[in-house]
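Have a look below at one chain only, the form predicted on its own, in structure tokens format.
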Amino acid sequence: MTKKSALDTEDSATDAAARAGWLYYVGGLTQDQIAAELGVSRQRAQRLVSKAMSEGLIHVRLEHRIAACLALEAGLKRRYGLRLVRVAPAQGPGTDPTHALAPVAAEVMERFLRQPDPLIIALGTGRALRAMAEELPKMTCEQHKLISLVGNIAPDGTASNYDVLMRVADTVRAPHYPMPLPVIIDDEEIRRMFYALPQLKIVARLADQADVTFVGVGHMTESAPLYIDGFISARDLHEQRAMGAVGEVATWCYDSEGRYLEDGLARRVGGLRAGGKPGGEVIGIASGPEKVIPLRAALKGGLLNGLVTGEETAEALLADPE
């Protein structure tokens, strides 16, 4: 009887791996059951299943609508160098993208809130963040500190409808630090006086140390939330657009390269820019066709290193040539 060649032995091992892989991934057998079926030890069965996957004998395809979202998340990470990406499945034409976004964004924030080690969490404002806050479960997070980046007083002197800090703090019972000043301060001298207050200096110092920051991303067209909701005038909007503004984060406008504008409205904003400590996360939460241009610019300029968005918005961001 002749001795088996090395090729025969290799083929035999590959055949065994293929059979083990089929039994595990298609047949649904456990490794103990595979071992009994093939007449080998459990350790040998485990090695054969691993070999089937590592040598490409098995191809796993996820048959679920979330599979497309997972592929988009990977693509956005590669394209823009992001650390965290979540893409919410499309809900169909005519639906508000914020509704699909809110539970996904809340899940991301909950992950940070449930960490036992103390975190400083900074918050912007806007519809998407407010919807996120409403999706958070009740919990107690006394180890964390919540910081507002944006003033909480509307132009008419009332509390801003889009203040997120208080909504989140009430839900998760965490110490919180509001920004007690108007969203826009028309008098630059009064603005300087506000910023000199010891309380604001505390908030600013904490915001600089933020471990993670959650912000909305606004557009600067005629339907800009800042304009529609009365925070800025038509003159302000046209001035900022003439200076190249395509978006805003926490009321700070930036151009198509993701560079903050330093003149005009920037001299009157009541709040702080998103940033946090070196190595911290700045997560933008936005979706919809009007958000594509501002998101693209913010990602290009490195204003964000994390993103929660919708499926169609993600596709549009990846469709744009690099």
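What you see is a predicted model, and the numbers here were worked out from it, not measured in a lab. Numbers follow the displayed sequence, beginning with 1. Rigid core (definition): largest C-alpha set, two forms, superposition within 1.5 Å.
There is another form of this protein, the form predicted in complex with the DNA, and it is not shown here; the text below is about that form.
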Look at the stretches 257-265, 26-34, 285-293, 270-278 and give the one with heavy atoms within 4.5 Å of the DNA in the model of the complex.
26-34
Considering only heavy atoms, tell me if Gln43 and the DNA come within 4.5 Å of each other in the model of the complex.
yes
Is Ala20 one of the residues whose Cα moves 2 Å or more between the shown form and the other one, with the core superposed?
yes
If the two forms are fitted on the core, does Ser256 show a Cα displacement reaching 2 angstroms between the shown form and the other one?
no
With both forms fitted on the core, check whether the Cα of Ile34 differs by 2 Å or more between the shown form and the other one.
yes
